[in-house]
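Starting off, we have a lone chain in the form predicted on its own, written out as structure tokens.
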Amino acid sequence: MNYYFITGSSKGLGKALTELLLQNENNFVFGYARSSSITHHRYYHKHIDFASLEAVQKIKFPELKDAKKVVLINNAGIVGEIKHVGNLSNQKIVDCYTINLIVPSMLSNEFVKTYQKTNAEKLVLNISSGASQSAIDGWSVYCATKAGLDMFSRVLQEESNINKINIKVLSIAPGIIDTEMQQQIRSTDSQNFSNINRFVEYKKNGDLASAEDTAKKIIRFINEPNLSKNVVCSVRDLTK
């Protein structure tokens, strides 16, 4: 059996990934989110608010004696408060760093601790963003958290190689997807985000990918882990 642990599994890309993976009878999915929107006999849901580090520290991964593949997908994320530095809420800064960077780091740590000695194929797949490579006004915290996630992923892969624990690590930018996050971005005041018109045009021109189409591309990276030679990559790297 192949086992997948997916954060943010109740909506958007996380839900699309979960539903596609469950189409294969050899897959079992553990979902983590504040709400549950999937019912399936090969799906287990853990209700959790990732803003609570106390709750996250209680997460333990199960022993999987029949595992052929174990995959952690750190998908949950928030764009946070879109405002220039100096106008941000300190609590919202904390929440964004917690959900986008601290939680995936903690879960990756627990995942490695639990499965590093297993013979199953192992993959940690972090959902990053093109924003990790760009300075976007109003997005200081989001850009920083995704850049941090990319570097954490690089170091985790380096450590896996040094320790010979055979864990593949990918930090994938999924492109622009038609999700609630995009709705939040488009509703921002232009004084807080000078590029808002570009994102309005993405929606108007039909440039936003569906969560389902993006999930299919992500699953290609899961099924073909050597598709990217680099830890940090993008669905846009796919040429066919």
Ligand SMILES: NC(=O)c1ccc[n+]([C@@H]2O[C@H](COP(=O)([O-])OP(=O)(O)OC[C@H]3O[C@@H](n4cnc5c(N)ncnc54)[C@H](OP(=O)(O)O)[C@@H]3O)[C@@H](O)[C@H]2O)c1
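Because the structure is a prediction, the values reported are computed rather than measured. Numbers for residues come from their place in the sequence shown, where the first is 1.
A second form of this protein, the form predicted in complex with this ligand, is not displayed here; the remarks below concern that form.
Residue heavy atoms within 4.5 Å of this ligand in the predicted bound form occur in exactly one stretch of 189-197, 22-30, 63-71, 42-50, and that stretch is 42-50. Among residues of the shown chain, E180 is one whose heavy atoms approach this ligand to within 4.5 Å in the predicted bound form. Contact check for K11: a heavy atom falls within 4.5 Å of this ligand in the predicted bound form. Contact between I127 and this ligand in the predicted bound form is found at the 4.5 Å heavy atom cutoff.
Using a 4.5 angstroms limit between non-hydrogen atoms, A76 touches this ligand in the predicted bound form. Against this ligand in the predicted bound form, the set G148, F152 and K168 makes no contact: no member has a heavy atom within 4.5 Å. I99 is the sole member of L88, A144, I99, A120 with a non-hydrogen atom lying within 4.5 angstroms of this ligand in the predicted bound form. Contacts to this ligand in the predicted bound form (heavy atom within 4.5 Å) from stretch 17-42: A33, R34, S35.
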